[in-house]
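Take a look at this single chain, the form predicted alone, given in structure tokens.
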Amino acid sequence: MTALPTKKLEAWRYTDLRALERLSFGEVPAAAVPDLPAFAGPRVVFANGRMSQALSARLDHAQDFAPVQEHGPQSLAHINAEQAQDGLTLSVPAGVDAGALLMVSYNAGEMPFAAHLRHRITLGANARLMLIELVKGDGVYWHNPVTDISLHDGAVLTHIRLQQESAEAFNTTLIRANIAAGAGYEHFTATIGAKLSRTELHVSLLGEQARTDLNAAQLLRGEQHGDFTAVVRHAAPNCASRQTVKSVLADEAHGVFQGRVEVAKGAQKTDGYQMSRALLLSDHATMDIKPELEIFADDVKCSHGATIGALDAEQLFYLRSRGIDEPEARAMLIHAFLEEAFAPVTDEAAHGLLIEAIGKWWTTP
């Protein structure tokens, strides 16, 4: 099997996979999926790396799993290619608004195992899709999915992810997207679960007026480690990208944001923006932030910013003086802090899932 990346690699300097390397993985067991959320539209359900036909109500445009072409020196993608057994290949024809699709991935077992799902999503010219992805599980396992996205001219994909893996699990998610002229990829990830997680995005803006919004919220406690890494390549002129990451870290949690914007020669009128804000609820929580700009064009607007702080004591005192108890006051301030990150999630069903999950996070000891 391809070796896992180490901290000697610059892209992995903040995330250590040695604990994952020490695990011994057995056969993938069968799993029953508990408590599927109510959802009126079509859904696709995976249990321990296999599609559940009984629980899936699939789109007409969905097809069976098929391997996709490898690209890029990404070792976790290579491991996925070596071991992937199932996944979703979805092609939406040109001009079709496919509505919303719920994709659930659930993993559980008594002994450690690994699940490597492989997804391929293609939207034809001016097609639209909202993908709501719910990731949950129980026990010790490694979930290593790869999703390849191709958006043709004018297509729009809204991708909303809620990662609620088991507190003992490892999640390494890789998403690669190619965006054609006038197309848009709108992404939001909420990271709540997993002992160690890394969401890694590589987005290429290949045609004029292509755009991407990459937003995330990380809510971590205990000794959780959460890494959100995004690389946006501006390969054409007049393209725009936004990266906004909010992190709330309690206890001894460790958050990471690595954002990179690459502007190719000739990609004039590029508009690239990065912002990371972290809220530390403990003196022992840590946040590493690494923004990068690599620019080979001279007529661009690119910027980045970062803040790290604690709850405002004056705001907390004000709420307490109005008769609000401390846990509720803290919850209100945390919710207000995260509001900007949630702004792109306008779908009612997806917004409800996120608010419920986050509400449980700050009310659960």
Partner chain sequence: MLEIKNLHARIGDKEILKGINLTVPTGEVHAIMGPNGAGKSTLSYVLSGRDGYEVTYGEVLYNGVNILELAPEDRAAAGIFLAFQYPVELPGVGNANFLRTALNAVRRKRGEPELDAVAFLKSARAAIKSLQMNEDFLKRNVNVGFSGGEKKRNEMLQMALLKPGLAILDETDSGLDIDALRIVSEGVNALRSPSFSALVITHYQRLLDHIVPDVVHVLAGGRIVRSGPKELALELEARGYAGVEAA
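Computed from a predicted model, the values in this text were never measured in an experiment. Residue numbers count along the first chain shown, from 1.
Another form exists, predicted in complex with the partner chain; not displayed. Remarks below refer to it.
Though the partner is left out of this view, residue 320 does reach within 4.5 Å of the partner chain in the model of the complex, counting heavy atoms only. Contact check for residue 336: a heavy atom falls within 4.5 Å of the partner chain in the model of the complex. At a distance threshold of 4.5 angstroms between non-hydrogen atoms, residue 315 is in contact with the partner chain in the model of the complex. When contacts are judged by a 4.5 Å heavy atom cut-off, residue 325 counts as touching the partner chain in the model of the complex.
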